[in-house]
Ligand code: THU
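One chain is shown next in structure tokens, namely the form predicted on its own.
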């Protein structure tokens, strides 16, 4: 028998410890929570993706009574970026959430499995690691790549 240990490196930062570019991305993700349509879960999620051309693509979760017809914020942003800036690499993504009472969760919110898989496709297309910022009320988790969110990823067949 052989044991394999999977380790994910996460840096925990405060907002003030981020550089200006990362604060801009976090602000965009937080702002996009207001574009969310979440009458069922009452959980608003916003995502912002920094592209290699300097543009920021954004998205918000959009729910629908016919589950699972809605779309998560992360896929909303990455599919919009892919359609409007084909071939432009992703550099970093920030993901923020809040309840309908307007408060952010204390612990940063991570993307669902479907979003991790979709984002991994764009990281693969970029040809380099795409950084991840998971935003909570008082702390921000910084991960080195999308792959670090999905260590046993399905990416080749």
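Residue numbers count along the first chain shown, from 1. Computed from a predicted structure; not experimentally measured.
Just so it is clear, the following notes concern the form predicted together with tetrahydrodeoxyuridine (THU), a form of the same protein that is not shown.
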- The single option of 104, 91, 27, 63 touching tetrahydrodeoxyuridine (THU) in the predicted complex, heavy atom within 4.5 Å: 63
- Task: Would you check, heavy atoms only and a 4.5 Å threshold, whether residue 132 touches tetrahydrodeoxyuridine (THU) in the predicted complex?
- Result: no
- Answer for residue 32 alone: is it within 4.5 Å of tetrahydrodeoxyuridine (THU) in the predicted complex, judged on heavy atom distances? no
- Task: Indicate whether residue 108 is a 4.5 Å heavy atom neighbour of tetrahydrodeoxyuridine (THU) in the predicted complex.
- Result: no
- Proximity of residue 77 to tetrahydrodeoxyuridine (THU) in the predicted complex, heavy atoms at 4.5 Å: no
- Note on the structure: Across 41 to 59, the residues having a non-hydrogen atom within 4.5 Å of tetrahydrodeoxyuridine (THU) in the predicted complex turn out to be 41, 43, 45
